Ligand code: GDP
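Shown below, as structure tokens, is a lone chain in the form predicted on its own; questions about how it binds or moves come after it.
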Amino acid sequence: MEDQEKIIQIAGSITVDELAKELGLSVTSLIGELFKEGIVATINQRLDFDTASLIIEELGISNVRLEKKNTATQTSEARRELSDHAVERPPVVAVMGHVDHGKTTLLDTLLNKKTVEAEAGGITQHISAYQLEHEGRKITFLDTPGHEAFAAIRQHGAMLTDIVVIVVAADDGVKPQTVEAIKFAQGANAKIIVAINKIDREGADIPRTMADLSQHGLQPEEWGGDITMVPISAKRGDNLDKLLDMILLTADLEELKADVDIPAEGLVIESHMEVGKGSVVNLLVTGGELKTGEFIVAGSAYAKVRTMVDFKGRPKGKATPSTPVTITGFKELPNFGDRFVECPDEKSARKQALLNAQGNSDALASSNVTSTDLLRMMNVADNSKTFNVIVKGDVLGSVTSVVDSLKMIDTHGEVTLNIVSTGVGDITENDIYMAAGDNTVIYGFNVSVPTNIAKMAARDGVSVRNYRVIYELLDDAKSSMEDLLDAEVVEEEIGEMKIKGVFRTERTSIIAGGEVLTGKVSAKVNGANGEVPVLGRVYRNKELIGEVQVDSVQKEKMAVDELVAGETGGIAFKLEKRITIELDDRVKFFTRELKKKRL
């Protein structure tokens, strides 16, 4: 029926193209309407819930209603359709919340209380995922390493969690990170349960906390909404069983299932290099059964699963859906958030990894890894550096000029500029909503920032930077993008010496004498960030023996600041590793500094 109301569900945001299709309009018409509202948008521009609602209202469309999509679905576009043979699986639960609201305490208490055969002293190393048992059923918990990492997983189009437990302190209420957690949970299409923590504290106010949450779209069940809220004390352990009961009840309502008779698949949730083991990768199996000895591919990396252990370090022969495991065997580190799939043999795994690499310009092309590469890969959650901006200007010409100028900043491909939104007119509440939670900077050019908007931005942690000179705006943007760049290790050669005599050799030091052939030698030199120590590489017949540090310099038994080319003197070397220095060895001196990259 034509008059039947159409409901459009939005999980976080919707593109202009998607909204136009839902409304049965041409993209051109919708972009024109956005322009009337002062929003200069492209076909792929994302609109938040409030903006989309406003556009529909301005268009006079009465038979369409928007709904925020808060509830979970057990599949995503990246997941295959379940077969009739799918079996029940444990829920995957992420715990999020504002700093100091008790997330870590809750996780620790649950782990110590509920983990079967907990080891004495607890878990000694950082874990990103673990399982506990409650009423004979398993629950997988994820200790999300921060909102940015959680967002990175969503950007890969992966459904990681079924349920998000948002921890809110009863004596502190909703904070900016709480709002971020709510947005991420909604964007990940996960079912939300709120744990109202610290009910044992003086000043705890559960009704006020519920009221705060309802202002951010989380309506408690007690007030006719659909969000379960459980008052707890993570420190004392109050109501934790009830919280676990509600998690399992929610899981039952969602009917979470997975296929096991398919090739194993899942997600990379953490990866790092470990001495003696090589690449150590934490995986969450989402389908099939992963076994040791099998070949898997994740992005441009592939592995033969050499070892597999559970979160307590116990060996596992196989892992079923919703099970977190740690494996070794990857030839190179896969990216955080990548999907992994099982392959029948090494040849097909290598071929698939190569195809994935060719389709991903950011994939590491070489297996020859430098120390700088290694540092970057160990921080895999930060491989993709994006500078998100919203631009508001007094006239369309100003906006276009600012945007075009921002795009002209050369970042050598190391930082991606993402124009989240543009518009004409003063900075509004909608701009703050769009910027909150995504490290988005709002640039204003010849516009005003009303007092209430400035307060709102300060409350939500949104950076609003208003300029009247375009070059100052561009300098600020360039500086902000430089701040996103990793520092690089820079070495500078300063001189070379030939060893003429060795006077004393100990485990941690050597005193030797020689002639400076080129440059100079000293204990310290002025670097970009102040004084830096002088290091040396010892060569014997062109073979590198080891590395030393200059401790002091002498000439004719008197301490001096430096020796220059042509001079002879003594050097006291400090050793990190025990090495020998012999007659006719050559020492090439250099400095090593960590320098901030500049665009």
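In this text, residue numbers run from 1 along the sequence as written. The shown structure was predicted, so the numbers you read here are calculated from the model rather than taken from an experiment.
This protein has a second form, the form predicted together with the ligand, left out of what is shown; the following refers to that one.
K.L.:
Counting any heavy atom within 4.5 Å as contact, can you tell me which stretch out of 262 to 270, 426 to 434, 307 to 315, 228 to 236 lines the ligand in the predicted complex?
P.N.:
Heavy atoms within 4.5 Å of the ligand in the predicted complex occur in 228 to 236.
K.L.:
Would you check, heavy atoms only and a 4.5 Å threshold, whether D100 touches the ligand in the predicted complex?
P.N.:
Judged by the heavy-atom cut-off of 4.5 Å, D100 is in contact with the ligand in the predicted complex.
K.L.:
Closest heavy atom of R201 to the ligand in the predicted complex, within 4.5 Å or not?
P.N.:
Within the cut-off, so yes.
K.L.:
Would you please decide whether Q219 lies within 4.5 angstroms of the ligand in the predicted complex, comparing each non-hydrogen atom pair?
P.N.:
No - in the predicted complex, heavy atoms of Q219 and the ligand never come within 4.5 Å of each other.
K.L.:
Can you check whether T105 is within 4.5 Å of the ligand in the predicted complex, heavy atom basis?
P.N.:
Heavy-atom contact with the ligand at 4.5 Å: present for T105.
K.L.:
For 248 to 262: residues with a non-hydrogen atom within 4.5 angstroms of the ligand in the predicted complex?
P.N.:
Going through 248 to 262 in order - heavy atoms within 4.5 Å of the ligand in the predicted complex - there are no hits.
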